[in-house]
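Consider the single chain below, provided in structure tokens and representing the form predicted alone.
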């Protein structure tokens, strides 16, 4: 298995769309750094621009995906990089690990249960509600959870991406508005609620916040994967 399997099929097309995505993201990054405006989140801007290019150019997603897959295959390597700030803060984390686990455990259960309840109250049926339940978990795990619950994995993926984007854009301003200034509390909140996108934003803010966010991300995903298969159906049964 090669790192870039699509390269043997249509290398020029893959290179074109991969390069386009990188250029769009770097441009969005420069805009964000220059204007310091939260709505100019590089990921959000990049998604909107790339979608616009595909629509205007009438480019099939299957064509663009050939270049997108190159970047997707690098995602695992990028996630490993989140372990760097975690390692640098390991001494402090070791002293407070029990408390962090307890906080993330309660927060993860609350996220699952509250999402199901709010979805049902909003009129969603059971399948939609359970598909939205793991919205605060990183996409691969959320999709597996929903698939195991016979939900709609594509809906789960969209919910996760939107949750991450909302957290990356509004998370830090909201924490500041609530006068939550402790780096550990901010990191745990973002990692638990906004998974990898929130964690990436916290790493930009400070290494300590990024470390606790990465830890919360891993713990939240693990706890949700263990608890969701029985907790979500139980909540749905209780509501019905």
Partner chain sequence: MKIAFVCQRMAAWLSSVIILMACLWAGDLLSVWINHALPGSIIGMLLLAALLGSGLIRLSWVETGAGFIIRWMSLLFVPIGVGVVDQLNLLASSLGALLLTSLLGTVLVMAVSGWLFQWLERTRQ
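Source: prediction; values computed, not measured. Numbering follows the first chain given and starts at 1.
Separately, the form predicted in complex with its partner chain exists; it is not shown, and the next lines address it.
Contact here is defined as any heavy atom lying within 4.5 Å of its partner chain in the model of the complex, and by that definition each of 51, 72 and 178 is a contact residue.
Residue 22 belongs to the set of residues with a heavy atom inside 4.5 Å of its partner chain in the model of the complex. Heavy atoms of residue 89 never reach within 4.5 Å of its partner chain in the model of the complex, leaving it off the interface.
In the model of the complex, residue 26 approaches its partner chain with a heavy atom inside 4.5 Å.
At the 4.5 Å threshold, heavy atoms of residue 147 stay clear of its partner chain in the model of the complex, well away from it. In the model of the complex, its partner chain lies within 4.5 angstroms of at least one heavy atom of each of the following residues of 172 to 191: 174, 175, 178, 179, 180, 181, 182, 184, 185, 188, 189, 190, in sequence order.
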